[in-house]
Structure formats: structure tokens, C-alpha cells
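We begin with a single chain expressed as C-alpha cells, specifically the form predicted alone.
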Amino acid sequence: MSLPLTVIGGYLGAGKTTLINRLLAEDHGLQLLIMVNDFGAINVDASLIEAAGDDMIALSNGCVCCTMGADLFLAIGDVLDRDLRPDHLVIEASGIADPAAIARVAIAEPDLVYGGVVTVVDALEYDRLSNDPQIGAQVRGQVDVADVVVVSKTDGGAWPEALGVAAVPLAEIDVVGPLVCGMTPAQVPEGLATHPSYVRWHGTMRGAVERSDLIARLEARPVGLFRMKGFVSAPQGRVWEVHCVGRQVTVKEGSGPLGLVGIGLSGRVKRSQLDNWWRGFDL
């Protein structure tokens, strides 16, 4: 029996991990295997964790979450070689990836069947991003290849005017399992033609920092740094969890390995600019 493959896509910071966290926590009766790019963003209720390793979390509801690794075909091969196959395979595409290109693995692998693409859209950022001359085509393309579009961050009635397709607000979905794993799409979509070049950045901090100082520094980040996340030392042995998406900055208490990762457009920011900006704050 073929294993259904569903891809969850969406631009940087759209809310893909929020959707996946809900999927992991639900008692949907399915044994899911969910491949993600970053364990650090996954927030699983400790009471659900049955076993955990360096690259895998097994949950009491039958779900398994694992990191994808560099070779997608190798990772999928490991799934298909398991003695007990899951009921459904869900892959989180990176924010700058083409979800259709990942979904087309279902054509190349005879033991897989296409289960659809779910694209998550940020209600606060989509209008600006979709009209951006450098990345607009990529952002719109992630929506164009979707079988289902989910809109996040609709608090206060926010809704992207430029979306132009039928979509469902994440906040109004009671159970996400049937939405993600219950599609019957007709065919795998064609992939995107091209996408812009990106700059990746990594930063660390040697000492603790007050929340207000950290927010001020993040708000002064170079304009071309679109997405940043990670963990920074806070006073009294605590840790700040940091998320920056476009113009949005969130700093809250959390836990995780110290360090920040960022991504920006290569035509708008250089790694040296990011290093210089952060070096002035490195205690």
C-alpha cells in the first residue's frame, strides 16, 4: 500500500511550525511521521513524549517527528524501510523552498502517493511580500501550488487583501489532522521556475541581556534580514526565545541551545553587515 505524502509550505515565518505543533498534539488516530527542518522550533507537550533522541521524538499518540537531514531521498528511503510504516508522511518545506518540488518526490518514488500541499500564509506580511519585486513571484508561487491555503496571525481581523484564492484561517480550524491528511488532490503541481538568492547568518552572544535591550537591538537590524530565530542568554540563568519575521519582533522566555540564525535576500544585505550589526551588541 502506498504511503501518502503531504507537504506543508509557506514563506519564512508564515506559521508552518504552529500548524505542525497542533498536528503533533492532536488525537487524530493516525500514525504520522513528520519531517521538520528544525527541532528547536517544535514545542511538544512533555506529557506526550514517549521517547526522544538527537533527531527523533516519538509521541504517545502514535506520531513521530524527525529532522529531515540534507538528503531528502535518503530520509524518505529510511521511512519506507521501516518495519512499521506510518499512515501518513508529512514534510515541512523550508521557508524558501518550493513545496511542489518536494511533493514531486511522490512521482519518483513508487511507494509514495501524492497527498497534497498545504501552504501557510502570514496575514500580516503577505500583501507586502507578494508585491515585492524580488521575492513576490516566489511567495505567490507557494500559494499557487497549494491544494489548501491556511492563513495565520489573523488576530484583530487581519487578512491579506492580495491573497486572491480561497483560504481558511488557522485560528478557526478545530482539528488540523483531517485538513492536512484528508486531501484527495488530482495531480502533483508543477514546480516554481526560479527563486532569488539568499544569505544565511549565524550569531552568538557571550553574556546575558535584558529583554528591552535585546528588543531594541533586534528592531534596529538591517532591513534585508527578513527572518531570524534562536535563543539568547537572559539574566538570572534564564533564556530568551527570539523570533523576527519581517517587521515583527517577538522575545519571550524559552529554552534551547544558545545562538541565532538569520536569513535575508542577498541583493539587500551582506553577511558582513549582519556581523557588524551584531558585533556591536555582543557582550
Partner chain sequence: MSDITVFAADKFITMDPNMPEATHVAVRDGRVLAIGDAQCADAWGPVQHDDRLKGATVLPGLIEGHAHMMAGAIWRYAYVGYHDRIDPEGKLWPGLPDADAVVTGLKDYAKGLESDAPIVGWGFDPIFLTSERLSRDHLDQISPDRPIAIIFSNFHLMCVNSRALEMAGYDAGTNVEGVIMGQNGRPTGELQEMAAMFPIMRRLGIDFRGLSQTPEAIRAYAKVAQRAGVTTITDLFSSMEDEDVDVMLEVTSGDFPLRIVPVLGAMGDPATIADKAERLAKRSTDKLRMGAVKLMTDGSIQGWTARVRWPGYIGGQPNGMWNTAPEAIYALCAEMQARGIQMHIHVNGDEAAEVSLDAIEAALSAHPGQGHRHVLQHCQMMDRDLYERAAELGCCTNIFSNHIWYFGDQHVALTLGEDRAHRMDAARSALDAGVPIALHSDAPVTPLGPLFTAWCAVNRRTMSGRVLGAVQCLTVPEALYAITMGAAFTLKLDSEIGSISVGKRADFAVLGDDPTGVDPMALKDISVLGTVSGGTVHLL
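Numbering follows the first chain given and starts at 1. Keep in mind that this is a model prediction, so the values were computed, not measured. Note that the rigid core is defined as the largest set of C-alphas that superpose within 1.5 Å between two forms.
Not on display, but discussed next: the form predicted in complex with the partner chain.
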| query | finding |
| --- | --- |
| Residue 96 within 4.5 Å of the partner chain in the predicted bound form, heavy atoms | yes |
| Close approach of residue 73 to the partner chain in the predicted bound form, 4.5 Å, heavy atom | yes |
| The partner chain contact at residue 110 in the predicted bound form, heavy atom, 4.5 Å | yes |
| Any non-hydrogen atom of residue 152 within 4.5 angstroms of the partner chain in the predicted bound form | no |
| Interface residue in the predicted bound form among 168, 80, 175, 165, criterion: non-hydrogen atom within 4.5 angstroms of the partner chain | 80 |
| Option touching the partner chain, based on a heavy atom within 4.5 Å in the predicted bound form, out of 134, 197, 212, 204 | 134 |
| Segment that reaches the partner chain in the predicted bound form - one of 271 to 279, 21 to 29, 6 to 14, 256 to 264, heavy atoms within 4.5 Å | 6 to 14 |
| Site check 34, 61 and 140: each within 4.5 Å of the partner chain in the predicted bound form by heavy atom | no |
| Residues of stretch 85 to 103 in contact with the partner chain in the predicted bound form (4.5 Å, non-hydrogen atom) | 85, 96, 101 |
| C-alpha of residue 30 moved at least 2 Å between this form and the one not shown on rigid core | no |
| Direction of Cα pair change residue 99-residue 247 in the predicted bound form, magnitude 3 angstroms or more | closer |
| Closer or farther in the predicted bound form, the Cα atoms of residue 248 and residue 143, when the shift from this form is 3 Å or more | closer |
